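So this first bit is one chain, no partners, the form predicted on its own, shown in structure tokens.
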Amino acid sequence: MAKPVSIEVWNPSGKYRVISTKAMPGTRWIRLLTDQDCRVEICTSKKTILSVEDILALIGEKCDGVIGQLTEDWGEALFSALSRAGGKAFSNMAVGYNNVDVNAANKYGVAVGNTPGVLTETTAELAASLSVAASRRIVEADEFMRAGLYDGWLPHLFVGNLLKGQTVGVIGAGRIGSAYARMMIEGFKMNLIYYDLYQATRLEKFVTAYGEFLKANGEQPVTWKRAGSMEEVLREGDVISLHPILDKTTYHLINKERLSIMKKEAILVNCSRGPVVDEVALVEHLKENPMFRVGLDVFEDEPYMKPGLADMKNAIVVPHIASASKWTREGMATLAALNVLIKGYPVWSNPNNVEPFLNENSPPPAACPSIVNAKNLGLTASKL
């Protein structure tokens, strides 16, 4: 039998029992649940990642809903246990849910929530930050200064790449990819090449309009190009940012062969999912091409890095913080909490438009923000 897990309890006499496997930023999400007569139990275990056994102990014999994390393995064992305990909803505090077996959730009639529409700008900002930091070798220079090695200006000291006039490549021009592209184009007057299965019409119109603005002011206009293949983006891009979903078709999307066709001084940024990049191949490429640089927020075997990656001076590595702005993380917590109220609420009709749920000065709509398997379960859609 699993050992009990330490918890913090809010509204002990609440009618409905909701578990959060981690403490989440802010307190609004707690208040929204307790206002709906929920007893909220927050796991206070110091373990970074809870095991299936830990979560089973939290679920116990009666549980109406669980808010979990993308590091947890939500499959047959947990969904069957949640169903036996009377639970009808699980909400991932993330926009992605590749850690969730949605088919198993469907089998047990459990609604699966996620938190889209709130991470876009924050994630795009981090991808842009990694691009600039890699281009100007900021982390290397910072370490150099802190080590007391600077003894005066030198013509060749930490010479990096100028972004203006170069080409930014985007693989996956959805909400985050397009937001990143706009930042790089408007911020640094870069040209765009992108690859996506669907045409990014709004992004194309933005680049066209911005190019006309620059031309009218006597500057070189920016351009855009929709590539016919990912390889075309990899060959032509000076800075390339990855924004695809993770599935069988995108696993090791960036491998030894595709790295070999990139420019020797290119910059690769990944704020999507770790397994999109073959990390072993990447380490070898970084060793063989010292002016090739990479910025990574996610890793193939998270939380671990492949051997050698941490030693590479031409790699910037940060601990999965793309969504780590106060506004975004508190917003994610709000959306995740409201998703577990499925028993009393219909499903919001447009999960990509979640602004009405994030305004702290007014009550949120009486709806669950985003349930990914709503159609499978035949859940009612909101008419709000």
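Model, not experiment: these values are computed from the prediction. Numbers for residues come from their place in the sequence shown, where the first is 1.
Just so you know, the form predicted in complex with a small molecule exists too; it's not on screen, but the next bit is about it.
- Contact annotation: Ser241 falls outside 4.5 Å of the small molecule in the model of the complex, judged by heavy atom distances.
- In the model of the complex, Tyr195 approaches the small molecule with a heavy atom inside 4.5 Å.
- Contact annotation: Ser323 falls within 4.5 Å of the small molecule in the model of the complex, judged by heavy atom distances.
- Interface membership of Val102, defined by any non-hydrogen atom within 4.5 Å of the small molecule in the model of the complex, is ruled out.
- In summary, among the residues Leu309, Met183, Ile254, Leu119, the only one with a non-hydrogen atom within 4.5 Å of the small molecule in the model of the complex is Leu119.
- The listed set Thr71, Asn289, Thr250, Thr223 contains one residue whose heavy atoms approach the small molecule in the model of the complex to within 4.5 Å, identified as Thr250.
- Heavy atoms within 4.5 Å of the small molecule in the model of the complex are found in one stretch of 79-87, 256-264, 296-304, 139-147, which is 296-304.
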